[in-house]
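In the structure tokens that follow, the same protein chain appears in two forms, which are kept apart as structure 1 and structure 2.
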Structure 1
């Protein structure tokens, strides 16, 4: 397997909820809309989704409540058996895995943080965190050491022997995060992992995740309602509506070229100057001279220069090499929000 093959490859994935979804899907005419499906008594949790997650990538999924984000991620980890399509993880069709292999996959490769934490109520913080290790059959001492380590990492030392109900929502969420960290999974599913955290800890956690990802090259699927968070973390953002992925692209392209009206509405209120980077503004046929800007700089970063500079076009470099030029007017109109 080459390293540029996707870690997760989903093809035409369907997940319907209802009486006999498999049979219904087989008979359903193609191009049936979400509402038409609903009228037939089924709910399209995931509707014909094809998406790849590259190795080492952080894919952020966004969308309104009930748009199927959690359901899609549950399909990736096969907590749901999908109704149609295929999902391959590391080139293996997980729909065809036997019980034993599925357990192995989850024990060794996958980790998940749940939206409402999913802590075992009868176990202490430490026992909750050590639970996946225990299931793997690690000996008591090793797993205790490891659990203590991650509990410290999420800032819960001193609370090791508390029970979940003795913790605040944010603390419980951190237990959930610690539990998924304990086994150092290659593929990580995070369902609104920071929703209950205060801004400070949230920031810390985000940094921690970025650090881990850069260091260990994890592939992460991350669900959030918070655009700022998405922008901070995402390599790509997928926007879902009624079970379908409307657009999946890099943040600046989503903002600059929304694929559908819905995506445009969805991204309307974002401060584009903080999303769009110089690299994304390069236009063919332009050339400029003078001091170049770095391709990764956001429009906001270049604000002072854009306003004071008088050049029409500004060259853009990446890692020291010239890759093109952008029009100062384009950048300015993004900065003042009239595009």
Structure 2
């Protein structure tokens, strides 16, 4: 994750479904609740959301079915036109783009992968991957070379001439990922891409996805309803309810400091020792001596050291540089579940 200007900036975004949503939004009383909006005959798919996606960040959006997470992502790409607010991509208000410019933006900057693989059954792996390049008008040789490159990237070398029916579910999902990568997108939208897969294949795909992200450094918005998956993948997690973002923060902060009662209940069964990292436990004003711990180490990773160590404070480093210190008692409280 980087600290550059956001690649996506959403401000006070509304997406209402109903007879005349724009007129209704203009007249709607401030602070009108989700239920009150529904009683008026409208559905708030997205309710006054302001959120940024940083360049190179993986933002995971979570929520129960109907919470608005897929609707929000479709607003980011203007597959849905928003009812109110603004969404900027690289500083450009996408709501003001002409249709041709919007198509160019999607073709050249955005990759999308959805739960349904959407592969063309009568085309081979290579032809499926090359399809968006064909739609872009690239010549046959150029698109074949690019398709071969991303097929190798996702680990499907040797299966270029297979048809989708000859592939496993995980392999089909890799084709979908390769197809979205073929256009070299800056922004990648993934809507529950692994939810239809068996647990073992799903874990393998998560590992593959993390490998690709480490290599490519894309800005990613990833939707899931699986908290374990979110914890593995996310730089930040946004938890949605009734179209609104209840909290958007790092996994550490969400499980340690839930902003609302809903978030607390959403995370109460999570093993905090497996989530909270040393970097998230740094306290201002603390200093420590002796062997440091790496900022990315979880409390579970540090368990043996925490039990045997007698230091009150433990220094924390990131990539070899000292960034602060944590309280051993804070970490122990999380380890034994008394935080």
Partner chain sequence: MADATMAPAPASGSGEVSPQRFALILVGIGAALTVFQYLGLLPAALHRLPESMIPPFAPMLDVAFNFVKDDLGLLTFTRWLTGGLEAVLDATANLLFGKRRWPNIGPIPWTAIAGVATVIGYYLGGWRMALLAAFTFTWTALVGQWKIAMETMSVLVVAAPLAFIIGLSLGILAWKSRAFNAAIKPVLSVLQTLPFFTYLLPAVIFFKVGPTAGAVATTIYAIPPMILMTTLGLQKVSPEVVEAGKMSGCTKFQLLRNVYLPAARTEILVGVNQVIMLCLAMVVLTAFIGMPGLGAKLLAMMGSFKLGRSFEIGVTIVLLAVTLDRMSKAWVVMQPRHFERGTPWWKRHIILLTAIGVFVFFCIVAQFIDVANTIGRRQSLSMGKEIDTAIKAFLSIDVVKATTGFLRAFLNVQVLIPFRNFMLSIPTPALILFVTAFALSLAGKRQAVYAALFFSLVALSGWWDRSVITLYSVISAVALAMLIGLPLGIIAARSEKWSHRVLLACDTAQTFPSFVYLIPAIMLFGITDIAVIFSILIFAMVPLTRYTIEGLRAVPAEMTEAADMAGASRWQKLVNVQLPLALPTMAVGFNQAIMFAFFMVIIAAFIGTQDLGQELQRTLAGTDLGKNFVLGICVSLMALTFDLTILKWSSDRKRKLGLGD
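Owing to the predicted nature of the structure, the values given are computational and were not obtained by experimental measurement. Residue numbers count along the first chain shown, from 1. For clarity, a rigid core is taken as the largest C-alpha set superposing within 1.5 Å between two forms.
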Q | Selected structure - the one that is the form predicted alone | A | 2
Q) Rigid core fitted, is the C-alpha displacement of residue 72 between structure 1 and structure 2 2 Å or more? A) no
Q.
Aligning on the core only, does the CA of residue 170 end up 2 angstroms or more away between structure 1 and structure 2?
A. yes
Q: Determine, after fitting the two forms on their core, whether residue 143 shows a C-alpha shift of 2 Å or more between structure 1 and structure 2.
A: yes
Q | Inter-form CA displacement between structure 1 and structure 2 at residue 134 - rigid core frame, Å | A | 3.8
